[in-house]
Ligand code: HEM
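A single chain comes next, written as structure tokens; it is the form predicted alone.
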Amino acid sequence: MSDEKATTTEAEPPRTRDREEAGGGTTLSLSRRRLLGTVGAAGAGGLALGASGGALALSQGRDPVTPLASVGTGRHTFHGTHQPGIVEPGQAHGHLAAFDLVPGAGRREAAALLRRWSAAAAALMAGEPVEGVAATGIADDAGPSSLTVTFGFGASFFDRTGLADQRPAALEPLPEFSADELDGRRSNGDLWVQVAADDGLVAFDALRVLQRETGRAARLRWQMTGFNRTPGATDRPRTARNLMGQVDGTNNPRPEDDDFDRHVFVPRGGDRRSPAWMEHGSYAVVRRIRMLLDEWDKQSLEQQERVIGRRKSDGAPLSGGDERTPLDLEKTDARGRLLVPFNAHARVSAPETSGGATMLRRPFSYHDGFLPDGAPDAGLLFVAWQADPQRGFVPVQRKLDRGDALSRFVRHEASALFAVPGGAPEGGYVGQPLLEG
């Protein structure tokens, strides 16, 4: 332990912002912003990596300073047509949080809050300090790490701000499902924030800054923390796995699909169920789904695969082929038995069995410790994006509610639906067309 600690301390770069005199020599120390600049310059010439994985060190004097590794350099832009955190690849760490406006806070306070939040998100995603906010120090030495920040409005937001006539019809409450065991304290909310990054400290720092920036306008209603596989942990890019060990997300629509935008984003000018201020926006269904992992682990591999309708090893459908092979819902074995069982999750949730209902799933796994009986309190923070929940999530969930083999192994414990406006332009903030229209 002591030797390991000594080695770590010795290799750690200095943390001061400028040159310091140290024992007659000089060391070069870089701030977070200057580290990003160093990596950008080094990247132009190709940062050399040795076979052992070590990075080329820049040094002056005795002590080396190592540029940011690839995970830290990932960067997304806050401003744009769509909000970030929807089409970007899922990150390793995520936080979902809902806030309620405080009594007496209305449209003006909400607009000021969204202005502050948007400015903070833009700076954080660029790896820059947030103007007027004391640095936490949590993310010092790290790059943006593919940070994204996304904001949404719950149905109650429109009553609180006197904008009930602007509430989208698509934001109507989700219907009750027979398997729901929902906790109202962890459901719904006036405002929603999704924070995600490939570094846990960067993600937490962003959440902490946004929470501090609420000021006296809003208070936290609920918060959930999730995770995914770290980029680079596999031999090549692969579809993620969930805590049941299943490949999860194979049938997701892809941005290169011709009808992707139609399924995921509200069209220009809005539509009959979404007003114009929602153009280029989307709707996020958020569900906390606990997995009954002890019961699941008691099932044989064959039983697990028949519940899902796909092979556990590689996500290929039981009807044959590889992960990307379309399900053959009619194929049978020598005894005439459907290879993909009639109640398999893959069959019941497939667009071709749900009237073409399509949504973009972008979830996180979670683990919140253990329950009194020793079972893990773990599962999925389900986040699904669609142009209209009544054409995306609702028809699929209704089918799952009626006859999904997976239902006996999961519990839906929290639920929320949020309208997520389009992206903010440079100099603007999320929701500005609504709040200043």
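This one's a predicted model, so the numbers in the text were calculated from it and none came from an experiment. Counting begins at 1, following the sequence as shown.
This protein has a second form, the form predicted in complex with this ligand, left out of what is shown; the following refers to that one.
**Prompt:** What stretch, of 207-215, 87-95, 351-359, 192-200, brings heavy atoms to within 4.5 Å of this ligand in the model of the complex?
**Reply:** Flagged stretch: 351-359.
**Message:** Quick check on residue 289: any heavy atom within 4.5 Å of this ligand in the model of the complex?
**Reply:** Flag for residue 289 set to yes.
**Prompt:** Does this ligand get within 4.5 angstroms of any non-hydrogen atom of residue 405 in the model of the complex?
**Reply:** No, no contact at 4.5 Å.
**Asked** Does this ligand come within 4.5 Å of any heavy atom of residue 100 in the model of the complex?
**Response** Outside the cut-off, so no.
**Message:** Using a 4.5 angstroms cut-off on non-hydrogen atoms, would residue 249 count as touching this ligand in the model of the complex?
**Reply:** Residue 249: yes, in contact with this ligand in the model of the complex.
**Request:** Using heavy atoms only and a 4.5 Å cut-off, decide whether all three of 120, 149 and 219 touch this ligand in the model of the complex.
**Result:** No, the whole trio is out of contact, none within 4.5 Å by any heavy atom.
**Heavy atom within 4.5 Å of this ligand in the model of the complex - the one residue of 166, 343, 242, 230 that qualifies** = If I apply the 4.5 Å criterion carefully, the residue I get is 242.
**Asked** Even though the chain is shown alone, can you say which residues of 298-314 have a heavy atom within 4.5 Å of this ligand in the model of the complex?
**Response** Stretch hits, in order: 308, 310.
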